[in-house]
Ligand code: AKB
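The form predicted alone is given below as one chain in structure tokens.
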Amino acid sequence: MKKILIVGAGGQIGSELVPFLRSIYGPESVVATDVRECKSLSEDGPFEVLDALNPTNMASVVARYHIVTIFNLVALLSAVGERNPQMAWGVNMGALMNALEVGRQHHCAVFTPSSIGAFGPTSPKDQTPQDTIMQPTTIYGICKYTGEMLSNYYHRKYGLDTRSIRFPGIISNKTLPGGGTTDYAVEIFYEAIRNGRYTCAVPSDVYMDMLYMPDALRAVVELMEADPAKLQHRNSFNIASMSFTPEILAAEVRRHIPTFEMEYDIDPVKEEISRSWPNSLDDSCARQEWGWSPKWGLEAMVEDMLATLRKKLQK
């Protein structure tokens, strides 16, 4: 039976990845951990309070549960990271190094999400290639790019099975965003339903790739189940689904809520970050090497988000 450890399970991805993996591999096969108690993750499977910056404790959990795959999801996101870059580096890189070292010592595969933030303003903006110049200008992006290189190093030097995805902005109808530049693409739905208006911190004309959470969860599993002999790019794969600006998203929301109004109060930090990222990604390598194909586009995502959140908010 495959035994999986999720480090940082209480975050946006982890809080949905844990039940998704438990539905596939069985509740007892997925050990969720976070620095704080997460009651929702301990109700139907094992949960441990774990500080990812403590390698001894991480190794202990791996040994006790006979873990074969580690998902390291610990990260301070882009906008939060710019407010405290020293902390962002310590948390993001410390957790990754510990996961890689524990993985090496206990012969575990290691998955760590990367991001479009790993690219920078000198990268090609449209259909950004899998392999291209990468000069990120945020501490978040620097951590992600460094993490890709470090994971590749552990694969080449130690034979560690490391794999990663460069996620675009992730849109979820279950968990709230946690301080990222693409948060507006989730917040807009809550405010549209509650108040009929939203004030956006990102400029109206900035394109960014986005991904609906069901596709993100499926992508993780498909990559980790892929034949390693076919993986030429382990760390990290571009994947894409939809690219839009805040104004395009607002227009799609208005198809369902005609009175919806969008205003702008631009956050200079988020503007700088968002303009440094790609408009769209070329995900042909993921398609060729492990069969990636998105199932959700803009229209279907917006319809599903609004329907789901109306039930959730009882509106």
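As the structure is a prediction and not an experimental result, all values here were calculated from the model. Start at 1 with the first residue shown and count on from there.
Quick note: we don't show the form predicted in complex with 2-amino-3-ketobutyric acid (AKB), though the next part is all about it.
Within 4.5 Å of any heavy atom of 2-amino-3-ketobutyric acid (AKB) in the predicted bound form lies no heavy atom of S164. Among residues of the shown chain, Y140 is one whose heavy atoms approach 2-amino-3-ketobutyric acid (AKB) to within 4.5 Å in the predicted bound form. Put simply, S115 is close to 2-amino-3-ketobutyric acid (AKB) in the predicted bound form: some heavy atom of it is within 4.5 Å. Using a 4.5 angstroms limit between non-hydrogen atoms, N72 is distant from 2-amino-3-ketobutyric acid (AKB) in the predicted bound form. With the partner omitted here, the residue from S236, N92, T182, S151 that has a non-hydrogen atom within 4.5 angstroms of 2-amino-3-ketobutyric acid (AKB) in the predicted bound form is T182. Contact annotation: of the candidates L77, V220, L160, M213, the single residue with a non-hydrogen atom within 4.5 angstroms of 2-amino-3-ketobutyric acid (AKB) in the predicted bound form is L77. Only one of 165-173, 195-203, 97-105, 228-236 lies within 4.5 Å of 2-amino-3-ketobutyric acid (AKB) in the predicted bound form by heavy atoms, and it is 165-173. In the predicted bound form, just one residue of 240-278 lies within 4.5 Å of 2-amino-3-ketobutyric acid (AKB) by at least one heavy atom: W277.
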